[in-house]
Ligand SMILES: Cc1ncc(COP(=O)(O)O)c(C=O)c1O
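This document starts with one chain, in the form predicted alone, laid out as structure tokens.
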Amino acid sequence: MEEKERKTQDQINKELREEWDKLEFATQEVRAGEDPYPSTNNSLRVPIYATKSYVYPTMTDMLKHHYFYSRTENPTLYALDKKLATLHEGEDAISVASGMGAIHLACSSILQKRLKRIKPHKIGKFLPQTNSEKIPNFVVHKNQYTGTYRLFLNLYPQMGFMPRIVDLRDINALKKAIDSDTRFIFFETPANPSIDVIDIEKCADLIHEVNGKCIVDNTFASPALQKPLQLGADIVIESLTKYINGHGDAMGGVIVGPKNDLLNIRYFWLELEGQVMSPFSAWLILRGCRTLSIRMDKHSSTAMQIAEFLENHPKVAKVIYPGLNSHPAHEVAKKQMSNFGGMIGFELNSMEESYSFIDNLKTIKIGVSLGDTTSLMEYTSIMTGIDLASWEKKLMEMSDTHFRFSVGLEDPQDLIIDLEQALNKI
């Protein structure tokens, strides 16, 4: 009887997803995961379930449900997970405490076996040093968010996994880098902070030839502009802190992919590492989801106007934006993105000019992070790149005059006026 009732609930969930899948993207943003939502007591909005435990009148009743402890599942997070899975066209999703948490959980689940009930005297055979002739490796794009870069180069090698840094814009370089011991490839597209665009479909096809996984960080695009799972990726990562939340007031990350893979992550890796999102953050991010496509259209439209302005300004040495014909992978961006996003990279001619420029901005705010309603300018090598060695910056092709501009929702003319006055003072 209990198993029958469990299957009935699973069937209800399946039927709900089938209904959400029939909707257009803008309707999914508002309805998926939330409408209908049986635990809301007819509330228009999913409540904040601020609880750690779930109690039931009998053990029989408890075994019928999947809510036991909020480190694993929470009704507010459930709504967000179902919405994000639908928006990405993935089987399931897990929302976690941060984007870095999502990356670490997803990669850990591929690199390491799920060991249970291993007697201490048998642990030795699982140490990476046991088979040093056959070291498992993974391939990452040469340009990564610096936090991801530190995870891959500073931590994972100590755990017995070898990173291979490759320019994934060069498919031939990827062919040479992968072998039977390659567990996955990981890349952002567009990449942070270089705004590189990488061909998801070609990379996925290659890694699948050696039975590896393709993991794509989709933070700069969001599912409103790009759906990596439909291009062959196995797992998608997003920093929910950025565009999906969109309001600069909550942190989170999400892993989207096959249901079986995510069950392993949820019930082992998430429980083990405790990367749990607060229900308060989930509630705020649910709010952000409802306006995602509207905001991304505005971010993209304004960014295109600004990129064209910067490209024609005599004091700007270089502009990197996927929507410009001058971007080396403009055609790839057109193929896999529905629009080009709100992130612009550009460079000036000297560090002296760069310092003067950023200090003279007025409307545009100086700050790290991105994807906010407010425009944010970052002097890359001095801010998020501050703890990188010179050889690391060279490897990542990080110029000393590079700026990463997260274009907000202000009027484009106000932003252009501010950029122009600051450029005119250098």
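Numbering starts at 1 and follows the sequence shown. Everything numeric here is computed off the predicted structure, so don't read it as measured data.
The form predicted in complex with the ligand is left out here; the points below concern that form.
- The stretch that touches the ligand in the predicted complex, counting heavy atoms within 4.5 Å, is 245-253, out of 170-178, 245-253, 258-266, 325-333.
- The ligand is not drawn, but in the predicted complex it has a heavy atom within 4.5 Å of S239.
- Although the partner is absent here, F152 sits far enough away that none of its heavy atoms falls within 4.5 Å of the ligand in the predicted complex.
- Although the partner is absent here, G345 is not a contact residue: none of its heavy atoms lies within 4.5 angstroms of the ligand in the predicted complex.
- Residue contact with the ligand in the predicted complex: M396 places no heavy atom within 4.5 Å of it.
- This chain is displayed alone, yet in the predicted complex one of N137, T291, S98, Q112 has a heavy atom within 4.5 Å of the ligand; that residue is S98.
- Of the residues L370, A32, I364, V46, just one reaches the ligand in the predicted complex with a heavy atom at 4.5 Å or closer; this is L370.
- Although the ligand is not shown here, in the predicted complex the stretch 304-323 places no heavy atom of any residue within 4.5 Å of it.
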